[in-house]
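There is one chain below, alone, in structure tokens, taken in the form predicted on its own.
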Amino acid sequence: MRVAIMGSGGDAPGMNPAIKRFVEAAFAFDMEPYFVFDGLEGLIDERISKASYEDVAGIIHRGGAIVGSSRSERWYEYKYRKKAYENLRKAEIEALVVMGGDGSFKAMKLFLEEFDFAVIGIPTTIDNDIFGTDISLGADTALNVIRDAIDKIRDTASTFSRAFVIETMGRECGYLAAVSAVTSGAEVCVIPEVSFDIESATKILKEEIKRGRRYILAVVAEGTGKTEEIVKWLKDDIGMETRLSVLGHIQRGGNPTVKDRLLGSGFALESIKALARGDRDRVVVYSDSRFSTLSFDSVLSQKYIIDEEILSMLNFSG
């Protein structure tokens, strides 16, 4: 059985550990591993090649993905999806493992509705917004990148008695911002999942400043669209000199943490096991400390919700 792995959408730390274990596990299960380079675009343009142990030697510590990734507008035209299918058949590949997030899984679901093919998904997104899995590949490394950045920002905030607004990625999901706020001791956290009571926050912060507070850290999820509003509020209403730090794409890079190396390995191994069982339409998930699979329909039809215990730890004003 010939099986291929590819990345799709945004990259995330842990993809290379997953690629390495995919190749090793494929050989262990008497399968032939292949790479699809540059995601959906590469699938359309037939950038497919056989993989070897040599290809994955020494990559486990590297961020990004040696197979590349992409987003593709062409994919949403039937003729290009058909071409991708024909390319896979031409290479005699019988199954595809896709590392991606919500958009990638929707693209694969469309493909599965039209063609008889085996596809296994690996939740790969720092946003951690995939239903059914406690954590997605890359989220832990992103959290550590954010933690390091906020720790450094705190140094200058405390020295100059300033407020800093730190914007995190995450699209419509506030997971990165919520966990980062808790673990950095931020005074303010603004996420899409919870309404922020600005009046109560104003009262509390002004009282704390009277009692000696010298600086403020505010973590804002990009999906709220309220970053500039929070900057203005801290500057004008709280009366503190304020700076904005948009962390941006550094959150998607860097050496994967131990946790993401383990997750990448586990996700990839379970994907090969699923194919060996004959599964054809599944997403590997990690829940309650174990790997299992759910259908694409199940994953895509439900919304990821941040654990209530995480939300309860936030220092919300109000």
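Model, not experiment: these values are computed from the prediction. Throughout, we count residues from 1 along the sequence that is shown.
This protein has a second form, the form predicted together with a small molecule, left out of what is shown; the following refers to that one.
Trainee: Out of 247-255, 284-292, 52-60, 32-40, where are the residues with a heavy atom within 4.5 Å of the small molecule in the predicted bound form?
Mentor: Answer to the contact question: 247-255.
Trainee: Within 4.5 Å, heavy atoms only, which of Val165, Ile120, Val190, Ile126 is in contact with the small molecule in the predicted bound form?
Mentor: None of the others qualify; the residue that does is Ile126.
Trainee: Could you check which residue among Met108, Leu88, Met169, Ile230 gets a heavy atom within 4.5 Å of the small molecule in the predicted bound form?
Mentor: Residue within 4.5 Å of the partner: Met169.
Trainee: Any of the heavy atoms of Arg243 lying within 4.5 Å of the small molecule in the predicted bound form?
Mentor: Arg243: no contact with the small molecule in the predicted bound form.
Trainee: Is Asp140 close enough to the small molecule in the predicted bound form to count, meaning some heavy atom within 4.5 Å?
Mentor: Judged by the heavy-atom cut-off of 4.5 Å, Asp140 is well away from the small molecule in the predicted bound form.
Trainee: Look up in the predicted bound form whether Arg71 has a non-hydrogen atom within 4.5 angstroms of the small molecule, and give yes or no.
Mentor: Yes.
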